[in-house]
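What follows is a single chain, given as structure tokens, in the form predicted alone.
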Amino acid sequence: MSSPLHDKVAFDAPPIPFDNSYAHLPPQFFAEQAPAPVGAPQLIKFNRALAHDLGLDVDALERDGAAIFSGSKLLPGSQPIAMAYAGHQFGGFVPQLGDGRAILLGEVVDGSGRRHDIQLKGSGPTPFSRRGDGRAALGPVLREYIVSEAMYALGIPTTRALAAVTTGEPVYREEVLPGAVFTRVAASHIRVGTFQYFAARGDTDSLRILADYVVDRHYPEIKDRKNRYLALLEAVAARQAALIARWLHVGFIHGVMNTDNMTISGETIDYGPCAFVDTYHSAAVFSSIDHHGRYAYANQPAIGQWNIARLGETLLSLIDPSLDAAVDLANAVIKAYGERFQTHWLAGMRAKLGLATEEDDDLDLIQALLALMQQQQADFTLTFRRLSDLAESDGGEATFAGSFKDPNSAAPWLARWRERIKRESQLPNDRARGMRGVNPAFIPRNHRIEQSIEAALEDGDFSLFEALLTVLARPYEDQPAFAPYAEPPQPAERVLQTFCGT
């Protein structure tokens, strides 16, 4: 696996103290694969704060990051592997996918005892590359860095960005593009598709090993449950229901919710053709490969449930030796997922409207606002942020109404909302503070992402990339110096499609 190009780097202490566990599972779980060295790597961005939180040697990684995060040099303790998994892609099952352009360097345990994967994306071909080159272009690397860190700042469970490097080598897609490598940190990279990989092969022994590993790593609280495999399905379903509700609260569209892009840990993963809604529409789709809107904004909760059903299918033989009994137990969990999602979504939407108590008509009030926003082509983020400003004063209605194509259309709904919040006990300032804590002023707007990528590709200018990271690190704060970043795109700036980048 190593070569002269992969000589282990000499350090007094390894800058990444690897403590690997997945690489010690049986060999059918992965393929040993070193990253391919590159010609002239350069470090674009290194996440010092994340590295510090992980207990890494920040100075050493910043100094030698180009070589390390490009995969050109391996650190002591690294056991690079490409993970095996399958998956449903837009509803069609593929029995073998796997890491075709990603390599897991190893794992680290932070000061709180939490285990994290450190993975390179775009680090060269693997046995799962399916004739691909295993490389990544600069644009998708910048996109994933921006959006994953923005999601973290928004408080949404997500994989993180540790580093981005250029390789000094081209990649060939529809055009020749500069190559890059992205370093991703995740609670783990185990997916629904990982379970499907072994279920498709009838390998119950490996399924049990995998399930026990996941329980130990992610859900130790259920280890002693009488039916730990049913409890595992329940736990994953609960996390996914909460996660997807959070996506909808900020107008996020994943774009490619295949089962191989759904983590068992409950983190958002794989920021390919993702996008944030500008003008609100429940059927909004940006992904260039989602031709029929399978993963549209409002379809995401149902797709999450569909994916949980696919996970349940893989666990049936572990849940109960009687297939009928196992199906009944799994179906109960799948049904409960829908109820859990609705509870999370409704609670979050109440918070966005400044409602601390529950009333029967709240759902109708929320749906009426969303319907009005869609009819009047209102910007999703600005509408809720401006509503936050109304919570502490009787002024500002004109600014809020300005979000709508016909400003007069907002008056009836506003009157209903005013009457509703009168029945709340919160002080206006407290209500407004709470609403601003869940209604961001800044999101990674699609046109801003594209502008930063274009500047990097055409001019080697990363200043827009850096500025975007700066403003998105504090999404819930008013930042007057960055006020233009809160504005929706002008008609000529609108991004109508996003791409997966593979």
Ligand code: AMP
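This one's a predicted model, so the numbers in the text were calculated from it and none came from an experiment. One rule holds for the numbers: they count along the sequence shown, beginning at 1.
A second form of this protein, the form predicted in complex with this ligand, is not displayed here; the remarks below concern that form.
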| field | 4.5 Å heavy atom contact, Arg130 and this ligand in the predicted complex | value | yes
| said: in the predicted complex, does Gly98 come within 4.5 Å of this ligand, counting heavy atoms only? | reply: yes
| Quick one: does Arg135 come within 4.5 Å of this ligand in the predicted complex, counting heavy atoms only? | yes
| request: Indicate whether this ligand has at least one heavy atom within 4.5 Å of a heavy atom of Asp379 in the predicted complex. | output: no
| task | Note which of Asp290, Glu234, Asp270, Asp278 lies within 4.5 Å of this ligand in the predicted complex, where distance is taken over heavy atoms; exactly one does. | result | Asp270
| Quick one: of Tyr145, Tyr85, Tyr229, Phe341, which gets a non-hydrogen atom within 4.5 angstroms of this ligand in the predicted complex? | Tyr85
| Per-stretch contact check against this ligand in the predicted complex, the hit in 311-319, 412-420, 100-108, 428-436 (non-hydrogen atom, 4.5 angstroms) | 100-108
| query | Can you tell me which residues in 181-211 come within 4.5 angstroms of this ligand in the predicted complex, by heavy atoms? | reply | none
